[in-house]
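Presented below, as C-alpha cells, is a lone chain in the form predicted alone.
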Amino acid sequence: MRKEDTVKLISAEGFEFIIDRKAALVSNTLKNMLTSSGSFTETELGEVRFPEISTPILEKVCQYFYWSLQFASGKETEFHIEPEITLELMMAANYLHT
C-alpha cells in the first residue's frame, strides 16, 4: 500500500495508528484536515495528532471508521462499545464529527 493511501493518527500518548485514507475520511473533521488546500502539516504529511484523545479511545475510533465503511457497503454487524469508555468515546466522536 502506498503512503498516499494511508493516514497516521497519533494519540495523546504518542501511539501511532496507520489506517487507510478511505477509512479516515469517514470523519468530517479528518476529511477537512486531509483534503484542504494550502500547505497544512496534516495535508502534506498525512498525519494528525490528537493530544486530547487517549490511545484506547483512538483505537476504538479507528475500529469505528472501518466498521462504518463495512456498514455503508451493506454488511450489517454490531459495533460493540464497552460501557466504561462511552463518555470519552462520545466526546471524541463529537470532535471528529463521526
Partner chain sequence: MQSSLQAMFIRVKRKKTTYFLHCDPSETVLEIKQKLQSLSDNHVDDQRLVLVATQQVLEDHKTLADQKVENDAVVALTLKIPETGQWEDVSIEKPADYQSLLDSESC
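Numbering follows the first chain given and starts at 1. A quick note: this is a predicted structure, and the numbers were derived from the prediction, not measured.
If you look for the form predicted together with its partner chain, you will not find it shown, but the lines that follow are about it.
Using a 4.5 angstroms threshold between heavy atoms, residue 84 counts as touching its partner chain in the predicted complex. A residue is said to contact a partner when one of its heavy atoms sits within 4.5 Å of a partner heavy atom; residue 18 meets this definition for its partner chain in the predicted complex. Its partner chain in the predicted complex is not approached by residue 32, whose heavy atoms all lie more than 4.5 angstroms from it.
In the predicted complex, its partner chain sits beyond 4.5 Å of every heavy atom of residue 48. Across the proposed site, 90, 92 and 95 without exception lack any heavy atom within 4.5 Å of its partner chain in the predicted complex.
Contacts between stretch 67 to 91 and its partner chain, counted in the predicted complex as any heavy atom lying within 4.5 Å, involve 67, 69, 70, 73, 75, 84, 85, 88, listed in sequence order.
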